[in-house]
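The structure tokens that follow cover one protein chain in two forms, given apart as structure 1 and structure 2.
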Structure 1
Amino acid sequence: MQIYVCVKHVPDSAANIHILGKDQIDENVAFLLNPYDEHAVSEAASLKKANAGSEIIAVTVGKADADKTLRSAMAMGADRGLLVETDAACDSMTTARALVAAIKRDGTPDIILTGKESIDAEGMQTLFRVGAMMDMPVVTNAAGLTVDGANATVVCELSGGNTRTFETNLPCVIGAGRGLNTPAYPTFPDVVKARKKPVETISLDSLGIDAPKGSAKIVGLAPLVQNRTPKEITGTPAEQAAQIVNILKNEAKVIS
């Protein structure tokens, strides 16, 4: 199988984000492989194990520094990497076009794995755009994937513990959710080996993608501050409970 995995280089979720000007963040923070994409890479590694002779190609759209995320993906099992390099901030319509162009130029995917969401943009959509452009079915928030020949069975998670099960044919696009697997973190030798794996860098311009017919542009960024003034509820547990019930009834008006 030819397995493509879309991986994004994102700021660490624990990083403090500082806003520069009105539409940028200070990128001088730790970046890493998007956590959901880790699940995607991990699933690709299992698929490869079950299908001898498969190849895993990690693809990213980003700045030169995104090479680090490709290395992380390769340490987790990807065989090689494609870096579509651009300094521009791309929205998901452009990103999807770039991913599709790079993948098509490179080979013929049997499956494309992605994360269900990137933790920086929180867009939740790139995979659907890739699927629509490749004319492949898409399943998101996958918590279980079984591939049998050209058939795939995917369990995906909804809220409240509910799941849905889909059947589809390969090639397809699968968006990994947290329930899909438990990524095995790479060993030091894996990390060293990943440094030697090949990465092809392609400039975004050289892909010659058509301009999308719409765009999403950040016009303002602000820290999410919530000005709360904490007020203590005192007394015995019974008195405290009575005050909480009173607040729910009369201030928040959520119970009657």
Structure 2
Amino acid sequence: MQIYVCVKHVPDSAANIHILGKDQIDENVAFLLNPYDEHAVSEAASLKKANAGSEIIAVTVGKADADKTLRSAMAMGADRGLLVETDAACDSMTTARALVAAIKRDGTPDIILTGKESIDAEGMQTLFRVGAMMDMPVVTNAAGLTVDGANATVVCELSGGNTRTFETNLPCVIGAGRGLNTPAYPTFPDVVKARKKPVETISLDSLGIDAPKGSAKIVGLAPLVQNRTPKEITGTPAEQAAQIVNILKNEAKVIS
């Protein structure tokens, strides 16, 4: 079973990120494996354990430094990595084309796993574009995955704590949600072993992908400024509870 995991090299969400100019960030901050992709890699490791002879290949598009993210994925269980290297900022259309070209060049996937979104762009588009170009069904925000032969059953989380269950044939693309598993973080020996695992670096230009008819680019970045007006809730416990319910219902509109 060939299991491909598409991962992304993203800034640490805990980092203090500074904007440079109008549309760039100061990249002198810690970058890491996209947290949702950790769930995808962990699920790939579980699939490999259940299917003898399987191979996990982590794939990413990014600068040379993205090798670190591939090493993180390999420390968590991936056998090798593919780095499509480019210094250009790629939107979801170009990224999907690059991932698909690299995967097709490398082998024949039985399943493709990825996080349901990246914590930087939060576009939630790339996996659907990969599925469309590979002619594979896509199921996202997976909270449960069972593979039985050539079929997969996927439980997806919806809003309000609801779920929906899908059945699909393999190969398919699965977007991992936080409820899918608890990531198995690597030990020090795992990290050391990952340094010796192979990573193939492929130039984006060498893939000869077609330029998309449309494109998206960042034209401006600005820090999020939240203006909050604290409101004191007074009265008896019953009166306070009634005020809270009123705020949740009529202002926040999170209950009906």
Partner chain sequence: MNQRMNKIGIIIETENGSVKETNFGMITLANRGNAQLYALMGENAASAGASLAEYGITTVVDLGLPEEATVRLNPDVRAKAVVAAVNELGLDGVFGLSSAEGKDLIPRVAAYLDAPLVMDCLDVDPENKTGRTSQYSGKVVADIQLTGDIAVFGIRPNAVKAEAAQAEATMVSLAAGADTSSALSLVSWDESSADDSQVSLAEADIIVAGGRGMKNGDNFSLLFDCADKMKAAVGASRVAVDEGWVPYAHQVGQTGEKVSPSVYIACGISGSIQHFAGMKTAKMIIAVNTDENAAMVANSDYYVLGDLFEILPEIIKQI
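Please read all numbers here as calculations on a predicted model, not as lab measurements. Just so we're on the same page, rigid core means the largest C-alpha set that superposes within 1.5 Å between forms. Just so we're on the same page, residue numbers count up from 1 along structure 1's sequence.
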Q. Of structures 1 and 2, which is the form predicted alone?
A. 2
Q.
With both forms fitted on the core, check whether the Cα of Gly21 differs by 2 Å or more between the two structures.
A. no
Q. After superposition on the rigid core, does the Cα atom of Arg228 shift by at least 2 Å between the two structures?
A. yes
Q. Degrees of turn, smaller rigid part against larger, between the two structures?
A. 31
